[in-house]
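A single chain comes next, written as structure tokens; it is the form predicted alone.
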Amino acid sequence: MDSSFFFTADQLNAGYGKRQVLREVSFSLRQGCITGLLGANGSGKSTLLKAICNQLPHTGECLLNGQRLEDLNIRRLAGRVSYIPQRSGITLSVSVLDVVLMGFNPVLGLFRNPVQEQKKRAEEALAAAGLAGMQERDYQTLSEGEKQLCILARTMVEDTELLLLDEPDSALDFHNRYYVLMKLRRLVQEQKKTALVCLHDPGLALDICDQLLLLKEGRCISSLRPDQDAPQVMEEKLKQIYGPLSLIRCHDGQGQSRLVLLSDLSAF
């Protein structure tokens, strides 16, 4: 394995019963980088995340810093990989602080409660996520954007190496989508984590992600680097998923170079 890559998936095949969804998917991710997973509905994005975290039977292998994830038991895997589905699955009335404290479950023994230091870390994570002072709120009363930030705070205290997020921008308006993903990007960069994020909006992915993986009909058809690849190259690859589109490289109000879809020109 190339030492510059922190995570590598090799020849992954997975599906549901007799229906095969993923077909020989291989790719690599670098530490400290956020990678956007793009593809049409039904292309296998959610299936890929579930296969990586062993929630779905598969062939092939996933290596995280040289360790086969398939060889880890549930507890050890939870200590190294965070999987955040589209919906949290939390339906009971529970405090925001208790939701974040769930992130310590992999390191707590049976019937052990979080200690004061862990509660302090959870409160600090809430503050970092923009939810300071909301630890006693009922999670069910939060807006969808606030729920996403609460789950992000829980991810912070989990302190895992690999983050897998399935559409963290779903049900959010543009401002909150950008805010949540920028918080995630900062977490990945500052703590040297590796993140694979399933996204629907290619324009947002171009803004946020260091790398783009394109899935089509269960196969990985391309790996792109927005900061390195020519707009014409990325344009041709993205057309295979989204149809006709145009990309341009320009500068925003702060003088930063940006790659945007032609339909995003109104932002300038």
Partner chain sequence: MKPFTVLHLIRTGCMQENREGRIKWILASAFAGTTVLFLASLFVGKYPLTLNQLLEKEEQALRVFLTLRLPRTSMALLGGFALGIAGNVYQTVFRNPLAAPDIIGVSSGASAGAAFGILFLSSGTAAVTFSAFLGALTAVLLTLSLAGTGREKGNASIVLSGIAVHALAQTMLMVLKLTADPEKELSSIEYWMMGSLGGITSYRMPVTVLVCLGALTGIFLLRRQVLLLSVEDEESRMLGVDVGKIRLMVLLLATLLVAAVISVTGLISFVGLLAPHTARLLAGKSRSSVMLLGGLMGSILLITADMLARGIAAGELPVSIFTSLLGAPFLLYLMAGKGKAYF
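Keep in mind that what you see is a predicted model, and the values were worked out from it rather than measured. Numbering follows the first chain given and starts at 1.
From this point on, the text means the form predicted in complex with the partner chain, which you will not see here.
- A single residue from the set M182, A171, A132, L108 has any heavy atom within 4.5 angstroms of the partner chain in the model of the complex; that residue is L108.
- Note on the partner interface in the model of the complex: the residue among L165, A122, L152, V81 having a heavy atom within 4.5 angstroms of the partner chain is V81.
- Not displayed here, the partner chain is approached by E136 to within 4.5 Å at the level of heavy atoms in the model of the complex.
- Although the partner is absent here, K237 is not a contact residue: none of its heavy atoms lies within 4.5 angstroms of the partner chain in the model of the complex.
- Within 4.5 Å of any heavy atom of the partner chain in the model of the complex lies no heavy atom of V188.
- In the model of the complex, I90 approaches the partner chain with a heavy atom inside 4.5 Å.
- Across the options 90-98, 124-132, 172-180, 190-198, residues that bring heavy atoms within 4.5 Å of the partner chain in the model of the complex belong to 90-98.
- Contact annotation for 25-56: residues with any non-hydrogen atom within 4.5 angstroms of the partner chain in the model of the complex are K50, C53, Q55, listed in sequence order.
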